[in-house]
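Okay, so here's just one chain, in structure tokens, the form predicted on its own.
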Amino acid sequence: MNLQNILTEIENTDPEVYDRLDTRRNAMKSFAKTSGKIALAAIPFALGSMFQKAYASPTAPKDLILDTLNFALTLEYLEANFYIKAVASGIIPSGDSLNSLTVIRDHENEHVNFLKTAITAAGGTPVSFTASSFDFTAKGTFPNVFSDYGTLLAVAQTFEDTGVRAYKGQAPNLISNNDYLTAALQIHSVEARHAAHLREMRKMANLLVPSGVDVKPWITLNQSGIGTSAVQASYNGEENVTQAGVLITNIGGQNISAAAASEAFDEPLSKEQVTAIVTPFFA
């Protein structure tokens, strides 16, 4: 990524951009200081933070945007605090497994910080949670979540799968503001990669996969690949095989099964559905 070229192109398009950001030199120094502390994958969020300072003027109803961003921030706090405890639990095998979950932890913390910045830039007040705000046993449903590696990965997968569907469900609330929509969909993409990787980790370890269920990097029908019905609400509706009023199975005379058709799309979850899913995880 050539930051110099990117900023030059922005300046050519909007010569006054650095008046909004103080000065070009300060903008460069601020970005360099920030990006030096974060992973390469998170650089778009650091850029987004700068642009949010320059162009913080939502075109959709402000209350709706702030409500949507704070809802996303609530979910990111949930995930970030989960991975903080997971990485510190001592039950994750060293090497690739621990490294992977550490990277995911760092991504979730970056999402929290980015959303807080975006909400503040929009004139709102970010919601705030601490470690004591959460009960990752889900009121006793997962009592061994931080003592059994299989349970830990199953809960992690469910959080990520839920997050993907939640962002898709909230995207329409941001569709009239390209900056916020782009930022939300960037996070959506990261959450999807987390989910895919966690599914591969579970498959390789053969953990909590019911007999006959093949855990792929994506969701098949409404199958979780987790040996408990406690997570089923996060997967209900994924068996949908109709998109935009068109039946996908065997479309155009092709041999497309219901399983294959369902795998092609993530189905959105409403705010109410997501709230019902995650509420047990709050203290």
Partner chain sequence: MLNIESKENQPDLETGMAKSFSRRKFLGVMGAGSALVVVAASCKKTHIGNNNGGVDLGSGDIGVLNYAYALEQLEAAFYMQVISTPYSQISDMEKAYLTDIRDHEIAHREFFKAALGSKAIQALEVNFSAIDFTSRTSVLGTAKAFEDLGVSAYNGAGKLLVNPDYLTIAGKIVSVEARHAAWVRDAITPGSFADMSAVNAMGLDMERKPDDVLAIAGAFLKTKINASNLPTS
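Numbering follows the first chain given and starts at 1. All figures in this text were calculated on a predicted structure; none of them were measured in a lab.
Omitted from view is the form predicted in complex with its partner chain, to which the following refers.
K.L.:
Using a 4.5 Å heavy atom cut-off, indicate which stretch of 104 to 112, 85 to 93, 138 to 146, 122 to 130 touches its partner chain in the model of the complex.
P.N.:
This holds for exactly one stretch, 104 to 112.
K.L.:
Looking in the model of the complex, is its partner chain within 4.5 angstroms of a heavy atom from every one of Asp67, Glu79 and Ala156?
P.N.:
Not a single residue of the candidate spot has a heavy atom within 4.5 Å of its partner chain in the model of the complex.
K.L.:
Which one, Leu152, Leu73, Ala183, Val209, lies within 4.5 Å of its partner chain in the model of the complex by heavy atoms?
P.N.:
Filtering the options by heavy-atom distance leaves Ala183.
K.L.:
Would you check, heavy atoms only and a 4.5 Å threshold, whether Gln254 touches its partner chain in the model of the complex?
P.N.:
Contact check for Gln254: yes, within 4.5 Å of its partner chain in the model of the complex.
K.L.:
Counting only non-hydrogen atoms and a 4.5 angstroms cut-off, does Lys216 reach its partner chain in the model of the complex?
P.N.:
Flag for Lys216 set to yes.
K.L.:
Can you tell me if Ala166 lies within 4.5 angstroms of its partner chain in the model of the complex, counting non-hydrogen atoms only?
P.N.:
Contact check for Ala166: no, nothing within 4.5 Å of its partner chain in the model of the complex.
K.L.:
Is Gln232 one of the residues lying within 4.5 Å of its partner chain in the model of the complex, judged by heavy atom distances?
P.N.:
It does not: once its partner chain is placed as it appears in the model of the complex, Gln232 has no heavy atom within 4.5 Å of it.
K.L.:
In the model of the complex, which residues of 169 to 201 put a heavy atom within 4.5 Å of its partner chain?
P.N.:
Stretch hits, in order: Ala171, Pro172, Ile175, Asn178, Leu181, Thr182, Ala183, Leu185, Gln186, Ile187, His188, Ser189, Val190, Ala192, Arg193, His194, Ala195, Ala196, His197, Arg199, Glu200.
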